[in-house]
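Here's a solo chain for you in C-alpha cells, the form predicted alone.
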Amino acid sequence: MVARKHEIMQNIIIIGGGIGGLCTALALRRKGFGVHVYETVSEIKAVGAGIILASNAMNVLARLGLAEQAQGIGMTLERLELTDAAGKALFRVASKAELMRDYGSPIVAALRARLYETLLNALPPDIVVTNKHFERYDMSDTGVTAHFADGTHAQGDILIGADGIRSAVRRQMLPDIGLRYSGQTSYRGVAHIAMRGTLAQAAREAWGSQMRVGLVPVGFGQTYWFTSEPAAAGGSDADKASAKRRLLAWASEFAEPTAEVIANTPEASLIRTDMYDLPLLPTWHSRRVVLLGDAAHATTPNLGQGGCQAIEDAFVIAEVLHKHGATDLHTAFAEYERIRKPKAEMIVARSRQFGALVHMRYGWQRALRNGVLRLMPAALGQWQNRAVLSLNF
C-alpha cells in the first residue's frame, strides 16, 4: 500500500480494549494517528485462558515490532498434532520447520493475560480509558460522538467498534443481525503443570466419542487446555467443582496426560462458554463508523483464529486509513473490507464446518471420518494452511 499526503486524524475512537482494540491502537499510532481506547471494565485484563498466535498473527505482530515480545511471553510450538482419544495420529497438521519455510514465522501459544500485558505496555498509559460503558454513537458530516453510560461522551473523526461478539456498535449499525449458536459448548482452563516428553513443545488436539480436548503448552510451567462438546444453549453447572468432576470423568476416555492436566487446574479458573458465531454481515462500515474483529466476523474457536483475524484487521485498517486519510473514509473502509472480508468470512464458515466434523453423532460416522483423515495426503493440510496463514497485504 502506497501512502499519500492526507489530513491526519487526531482523534480516532476505539470502543473495546481487547486484543483487536489494543492492536488497532498500536497500528494507528505507528502511522501517526491520535487514538483513544474506551473499555467498559474498570481494569483491563485478559478474558479467557490461552491464545494460539498462528503464523499469520505472528507475521503481523512482527510488522508492529512485537514478535520478539510475543515469543518471550509463551511457548514456540514445534508441531501441532491431531489424534483420536487414544493418542493415535489422525492427521499431521504442521511443524515449526514447515511453518518457518512457508510463512517465515512459527506458532506461539501464550496466556491471554501475558499478551494483554504486552500490548498495554506498548501503549502510553493515557491511551486506554476504563470504566466507560459505551451506549450509542451520533454522526455528522465532520465527526462522530460516542456516548457512555456515565453521561460523558467522546468526539472523534471516526469510531472503530472492536467491542466483541456482542458488540453494541454493531447492534446500532446493523440491528437485525443476531448471533448463531453452534450447538456446542466449551470449557477452558490453565493447569499448573508443564507438558513433558514429546508434548513439551507440541499442541495436541484429540477427538473422542463426544468431547474434543486440546492441550497446549504455554511456557512458565503451565498448560492451557480446552474442550468442546455438543450441548443445548444456555446450559450451566451446579458449581465449578461439579464441572471439574464431570470433565475428569470424560477425560478417562483420553490418553494421558489429559486427566492429569485437568486435575491440576484450579476449579475457580474453569471457564464455560457456549460457542456462537456471526452470519455474514452485509457491510462492516457506515460513514464514520467501522467494525473490527469479533464485532465484524465472530467465529467459533475451532480453527484457533479469532484473535489472529482481529490482529490482521488491526494492521489493515491502519494501512488503509493512512493511505486514504480523513477526506476519503468511504474508499478507505471499502478497501479494508475488500482485503479482509473474504478471508474472515472463510474462517467463520470453515470453523463452523470443522465443529460439525468433530462432533459427528454416530460411532460409525466417527470411525469413517477417522479412517478418511488418516488417508488424506499432506498436501491437503498444506492447502488448508495456505488459506488460513497467508497474508494478502
Ligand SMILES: Cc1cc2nc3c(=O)[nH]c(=O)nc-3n(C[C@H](O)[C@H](O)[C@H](O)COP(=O)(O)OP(=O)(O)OC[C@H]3O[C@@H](n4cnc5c(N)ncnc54)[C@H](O)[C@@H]3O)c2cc1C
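Keep in mind that this is a model prediction, so the values were computed, not measured. Each residue number is its position in the shown sequence, starting from 1.
Beyond the structure shown, there is the form predicted together with the named molecule, which is absent from this document and is the topic of what follows.
Comparing 138-146, 83-91, 185-193, 282-290 against the named molecule in the predicted complex, the single stretch with non-hydrogen atoms within 4.5 angstroms of it is 185-193. Proximity to the named molecule in the predicted complex, taken as a non-hydrogen atom within 4.5 angstroms, holds for one residue of I158, A168, V316, A251, which is A168. Screening V218, L119, A310, L321 for any heavy atom within 4.5 Å of the named molecule in the predicted complex leaves a single hit, A310. Not displayed here, the named molecule is approached by E39 to within 4.5 Å at the level of heavy atoms in the predicted complex. Proximity of Q305 to the named molecule in the predicted complex: non-hydrogen atoms within 4.5 Å are present. The named molecule is not drawn, but in the predicted complex it has a heavy atom within 4.5 Å of I51.
Heavy atoms of N264 never reach within 4.5 Å of the named molecule in the predicted complex, leaving it off the interface. Residues from 116-149 that approach the named molecule in the predicted complex with a non-hydrogen atom closer than or equal to 4.5 Å are Y116, K132, H133, F134, in the order they occur in the chain.
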